[in-house]
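Here's a solo chain for you in structure tokens, the form predicted alone.
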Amino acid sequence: MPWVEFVNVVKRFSDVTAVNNVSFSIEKHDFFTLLGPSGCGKTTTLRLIAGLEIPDDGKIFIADQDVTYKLPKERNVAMVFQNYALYPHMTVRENISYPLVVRKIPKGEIEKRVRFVAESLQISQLLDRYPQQISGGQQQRVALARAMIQTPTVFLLDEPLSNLDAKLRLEARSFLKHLYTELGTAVVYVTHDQAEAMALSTKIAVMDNGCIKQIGSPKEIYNEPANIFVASFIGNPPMNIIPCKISDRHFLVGEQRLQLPIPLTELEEDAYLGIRPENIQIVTAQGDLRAQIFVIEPLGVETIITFNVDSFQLKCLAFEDDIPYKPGDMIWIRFRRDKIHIFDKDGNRIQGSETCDSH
């Protein structure tokens, strides 16, 4: 039984369709991430689950109950907002306990729960301080504690790490991953950061223009993108997408021909070839394509090399300590055949690495 389910949900704001006929299901122990660029509809989707927005069409179910038109307080969900929404005039203790106070839970039970979540999130020493007296990372934990204390059916997190600096963000991400194993219920997480989505999620829904482009595990989304949008959104650097022509058993990339060990007779003449940067190698002997190095960017354990192939620019990842090339050098590059993806002229995936590998 799905724990959270959307069935053909539509949400419009005037003439803008923010969520366009979206359907998905989330299991009870999923860490389900809504991932996409700004304005794609992911936060609106989260607010529809919370009851802060009401759909114009479709149905929403939580724990097998139809909650489509129920108020937020009737849904037993907890939401952590991007700005944490802590009450500045209340202490940390008062902020955490507030959801239980308004429900008139006995004081002894409230104190017991506050102590438990504070210890779980390692903020016991902060209980008598005010939000302005603690750091951004500590404020994030207080917001999580306020959500946890309610023992909700679903946790909803709206870009909770976006206000943290890079170092704190990594620490908070690791903490969230650990915390998820203790929550015992579904987490729905919104982010535009694909590294966060890949690191935290059991399932990712990639959104664009109010539609879901693909749902899958992080591994599936990365290795088997359903279309060019997903392929280019996931990965850093993203997948190289090369427009080309198909002729017999060759791709025509600009003026060069790339032979592939797969049958292409059923494919259209116009197509796209996709290859991730880590699956392109620079070789000393003759390779697949001739290229000219454009720029080299050392990043420590890896180096991004950008090169020109006729009128196209591609990127590869090299992991050698010393790169024996410089901008302007002519080189040969080789593609890993088992990692090539083929997309049709509309950008939908026709064949991918698992298909290539089977021939």
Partner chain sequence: MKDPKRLSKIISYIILAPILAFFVAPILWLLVTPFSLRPSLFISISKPTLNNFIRVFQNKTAINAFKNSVIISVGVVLLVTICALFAAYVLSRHYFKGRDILLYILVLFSSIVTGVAAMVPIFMLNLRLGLIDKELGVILTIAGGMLPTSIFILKDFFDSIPRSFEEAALVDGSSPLQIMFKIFLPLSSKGIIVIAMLVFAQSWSNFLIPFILLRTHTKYPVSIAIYTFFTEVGVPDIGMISAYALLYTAPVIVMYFLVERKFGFSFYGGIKG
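Since the structure is predicted, the reported quantities are computational estimates derived from the model, not experimental observations. Positions refer to the first chain, counted from 1.
What follows is about the form predicted together with the partner chain, which we do not show.
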**OP:** Please name which of the stretches 178-186, 210-218, 74-82, 239-247 has residues with heavy atoms lying within 4.5 Å of the partner chain in the predicted complex.
**Re:** 74-82
Original post:
Would Lys167 show up as a contact with the partner chain in the predicted complex if we use heavy atoms at 4.5 Å?
Top reply: no
**OP:** With heavy atoms only and a cut-off of 4.5 Å, decide whether Val117 touches the partner chain in the predicted complex.
**Re:** no
Original post:
Does the partner chain come within 4.5 Å of any heavy atom of Lys315 in the predicted complex?
Top reply: no
Original post:
Any of the heavy atoms of Met90 lying within 4.5 Å of the partner chain in the predicted complex?
Top reply: yes
**OP:** Using heavy atoms only and a 4.5 Å cut-off, determine which of Ile333, Ala50, Ile60, Ile26 is in contact with the partner chain in the predicted complex.
**Re:** Ala50
Subject >> Heavy atom within 4.5 Å of the partner chain in the predicted complex - residue from Asn163, Ser232, Gln281, Asn223 >> reply: Asn163
Original post:
Does anything in 125-142 come within 4.5 Å of the partner chain in the predicted complex by heavy atoms, and if so which residues, in order?
Top reply: Gln132, Gly136, Gln139
